[in-house]
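Taking the form predicted alone, here's one chain by itself in structure tokens.
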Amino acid sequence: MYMLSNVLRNIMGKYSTRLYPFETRPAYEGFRGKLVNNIHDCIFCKSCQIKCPSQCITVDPKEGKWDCDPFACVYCSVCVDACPTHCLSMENQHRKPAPSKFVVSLQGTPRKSKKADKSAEKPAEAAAPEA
């Protein structure tokens, strides 16, 4: 009889869990959620790739390409702390469930090397006539 009363109370009572993803709780302060890169401020130095413990970030400085696999990321925020330009940040929201895996690919403008800038300036100076 005790089990029957327990079953009826659980059937008629309030739910013990949320109906995720339809009902979500708000994120608490300091929550490390979705990784965001402001690609226009990125200098493609690869420090986020080097520091990432799960190796989910790949950076190609020649092409100006930044890739992140959110399914491999452990959301530890080490890459955010290592970024010298502070272009990486973490939003305080959960990543939505996805039916298939994907990679976040961002394309930016690669930084110009100082050697390339100097070699481009030399022909301009040599071509200028001396007065």
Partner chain sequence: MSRTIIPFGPQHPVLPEPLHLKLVVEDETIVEAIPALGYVHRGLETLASIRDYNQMVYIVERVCGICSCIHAMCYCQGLETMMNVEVPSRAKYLRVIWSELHRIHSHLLWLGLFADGFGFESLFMQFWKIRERVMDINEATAGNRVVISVNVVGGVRRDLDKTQQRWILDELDKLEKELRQLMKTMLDDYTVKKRTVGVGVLTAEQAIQLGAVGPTLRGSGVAQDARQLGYAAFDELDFEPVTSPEGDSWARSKVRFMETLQSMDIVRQAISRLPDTELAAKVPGKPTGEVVCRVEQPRGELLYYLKGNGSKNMERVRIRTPTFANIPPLLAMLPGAQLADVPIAALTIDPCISCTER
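So that the term is clear: the rigid core is the largest set of C-alpha atoms that superpose within 1.5 Å between two forms. Positions refer to the first chain, counted from 1. Small disclaimer: the values here were computed from a predicted structure and weren't measured.
Below: the form predicted together with the partner chain, not depicted.
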Q: Give a yes/no on whether K65 approaches the partner chain to within 4.5 Å in the model of the complex, heavy atoms considered.
A: no
Q: Check whether T85 has any heavy atom within 4.5 Å of a heavy atom of the partner chain in the model of the complex, and answer yes or no.
A: no
Q. Would V59 show up as a contact with the partner chain in the model of the complex if we use heavy atoms at 4.5 Å?
A. no
Q) Would C42 count as touching the partner chain in the model of the complex under a 4.5 Å heavy atom rule? A) no
Q.
Residue by residue through 10-47, which ones have a non-hydrogen atom no more than 4.5 angstroms from the partner chain in the model of the complex?
A. N10, S16, R18, R25, Y28, G30, F31, R32
Q. Do you see a C-alpha shift of 2 Å or more at P53 between the shown form and the other one, with the core held fixed?
A. no
Q) Fitting the rigid core first, would the Cα of P84 be found 2 Å or more away between the shown form and the other one? A) no
(Q) Checking V104 here: with the core superposed, does its CA move 2 Å or more between the shown form and the other one? (A) no
